Structure formats: structure tokens, C-alpha cells
Ligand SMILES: CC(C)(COP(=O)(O)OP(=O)(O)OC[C@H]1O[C@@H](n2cnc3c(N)ncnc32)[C@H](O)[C@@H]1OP(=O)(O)O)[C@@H](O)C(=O)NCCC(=O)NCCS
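First, one chain by itself in C-alpha cells, the form predicted alone.
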């Protein structure tokens, strides 16, 4: 696939909500579509997209073609504050029991936002982010441009650094993050994952 012409990066709009949910599902399996693996297709975006759009929409940016979003970056400037807001304001809207074995791990994460909180990163890397691009938007520098847009917003807000968590086995994601300035962090991450971070 070739990249759509005239892609632009712009702030998130409420009318982008459903498209961003869709992109999250279509890229949820290490960049590939995860919809066939989920009983509840809204679980993944309710965890990795929805709370950021609801709680910190000013840090959500869209990579848009003429008629539709084809990627996004979103996150929080302060993970500890975000987790508290998630529990108070987001979780009551989305909490639910697991309806199928395939969804159990996502339901566990959805209902326990403290998994995102890593006090050992709070001083140097309080911000964290999520970025996803549809296949046709990859490989043309747009991922780097989204990272730079997010970084600029954090810098304006006086945030010292940002981090993310990626899978140990997700080598393609690790290569991308290294290219845009992230480095592995020494702090011990959850099992099967690594922390990567960089100053803003």
C-alpha cells in the first residue's frame, strides 16, 4: 500500500472518536488487526484510547487524510494523576466483567488502572503515550512527526520526560522507538515488557 496523499497532523476533534477507536482495534495485535481475537471489540480502545480522549484531549493528535484519520498519538503528561482520574472518572463508565476467556486479560487491566503507575519513573519520565498508524501511513516519517508533535506539547507544559511500555518480543516497535530517540530504561518493567523513555 502507498501512503495517502496530503496527510496532516492536527489536534483531536470529538468527531474523530469512532475512527480512533477503529484504528486502535485495527492495529492492536502488534500493528495488525486484533478484532477477530476479541469477544468485546470495544475493550481494547476503552483501555488504550478512550480514557486519554476523555481526560486529556489536549494531548491527543490525529494523523489525517482528506476524509479520515489514519493514525494518532495520545497520552498523559502525568501518569500518577492520570491513574487517579481514570479510577474516579473513567472507570465508572467502562468497568465490566469478562464475557469470554479471550477478553480476560484486557478486562483485568481495564478494571485496575494502577498497572500503569510506575513511581520509579515519576520524577524523570512522568508522561506516557500510545501511538498507532494504519499500515498505509507507515514508513513515511509520520510516526516520527507524531512523536515530535507530542513532545512539543509536553515541553510547553513543562514535562521533563516521557516513557512507554512495549513487549520484549515486539522488535519492530522497539526499532521504531529507538529511531525516534527512546532508549531502554533500567527500571524493572512488568513481565514480558520493557520500559523505554526519553527526556522532552
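The model shown is predicted, which means the values in this text are computed figures rather than measured ones. Positions refer to the first chain, counted from 1.
Keep in mind the form predicted together with this ligand is missing from the figure; the text below concerns it.
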Taking this ligand as it sits in the predicted complex, is residue 158 in contact with it (heavy atom to heavy atom, 4.5 Å or less)?
no
Give a yes or no for residue 142: in the predicted complex, does one of its heavy atoms lie within 4.5 Å of a heavy atom belonging to this ligand?
yes
Can residue 177 be called a contact residue for this ligand in the predicted complex at 4.5 Å between heavy atoms?
yes
Can you work out whether residue 59 and this ligand are in contact in the predicted complex, taking contact to mean some heavy atom pair no more than 4.5 Å apart?
no
Using heavy atoms and a 4.5 Å cut-off, decide whether 31, 137 and 166 all contact this ligand in the predicted complex.
yes
Since exactly one of 64, 131, 49, 154 fits, which has a heavy atom within 4.5 Å of this ligand in the predicted complex?
131
